[in-house]
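First, one chain by itself: the form predicted alone, in structure tokens.
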Amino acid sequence: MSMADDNVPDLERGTPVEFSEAIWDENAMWWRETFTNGADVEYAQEITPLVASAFDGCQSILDIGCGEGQIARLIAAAPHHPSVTGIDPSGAQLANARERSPGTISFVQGAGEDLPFPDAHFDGVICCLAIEHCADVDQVLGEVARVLAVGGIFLLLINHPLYQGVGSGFVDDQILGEHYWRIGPYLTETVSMEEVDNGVSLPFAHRPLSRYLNPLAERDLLLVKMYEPPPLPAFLEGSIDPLLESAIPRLLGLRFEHRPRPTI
């Protein structure tokens, strides 16, 4: 990730104009070609195996920020044939999703901050590498809790906020002869435009882990499992210190269950 721009506002100061469906409409074909159908090693070898078994037994699952639908397709292909709904603000992404997905998956255009579904409508919800692109994290998580039935599962996948935040990264200190992983300003919430590919820049919101855990805990979503997989070998190719970098996770997975506290 790149260093933060000093002119980028903190999240609490308002919603930057970059948080819109237009930027995803413009880059829908790039996303399709770069990250789906096995094109991206992290999705193919790390994310999809983790997701594949996460919703065993769930009958109705919502994919928030579904993009072109590869996660929705994966879940829908489970042996127990769950009902899957994908929601995304980008019409272009959804057009790709509908083109490539079976008609059994329902795709809806909308935002995670305002889900057009009844309370307790799903027994499984996933948000995969999408919440960093949402401006109002509290509203999104509140909506997750609202539409998730008691006993339901929520799987949240994010870039690891401690090790992959703004200003964090591998340092080759040639003066001291040391290699280390620098941690950026972890507690500072920022939005930065990251150049993720040649000519493609996307907005990323960095938030500390507490900004995800606490709003869910307040709504009786209990963290039951955390995933911090080591980087895949493909990401260590060319590293000058693969041993160090192999110990720094890129991805963080958080699995929650909706367990309301008993009233006294």
Ligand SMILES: C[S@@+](CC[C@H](N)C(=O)[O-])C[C@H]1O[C@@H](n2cnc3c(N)ncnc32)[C@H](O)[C@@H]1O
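Please read these numbers as outputs of a predicted model, since none were measured by experiment. Residues carry their position along the shown sequence, with the first being 1.
Omitted here: the form predicted together with the named molecule. The next part is about that form.
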query: Among 31, 43 and 66, does every residue place a heavy atom within 4.5 Å of the named molecule in the model of the complex?
result: yes
task: Tell me, out of 74, 158, 134, 145, which residue has a non-hydrogen atom within 4.5 angstroms of the named molecule in the model of the complex.
output: 134
statement: Checking 78, 111, 149, 105 against the named molecule in the model of the complex, the residue with a non-hydrogen atom inside 4.5 angstroms turns out to be 111
query: Can you check whether residue 184 is within 4.5 Å of the named molecule in the model of the complex, heavy atom basis?
result: no
- prompt: Are any of the heavy atoms in residue 128 no more than 4.5 Å from a heavy atom of the named molecule in the model of the complex?
  reply: yes
- prompt: Does the named molecule get within 4.5 angstroms of any non-hydrogen atom of residue 82 in the model of the complex?
  reply: no
- prompt: Can you check whether residue 167 is within 4.5 Å of the named molecule in the model of the complex, heavy atom basis?
  reply: no
- request: Tell me the stretch among 96-104, 167-175, 82-90, 116-124 that has any heavy atom within 4.5 angstroms of the named molecule in the model of the complex.
  value: 82-90
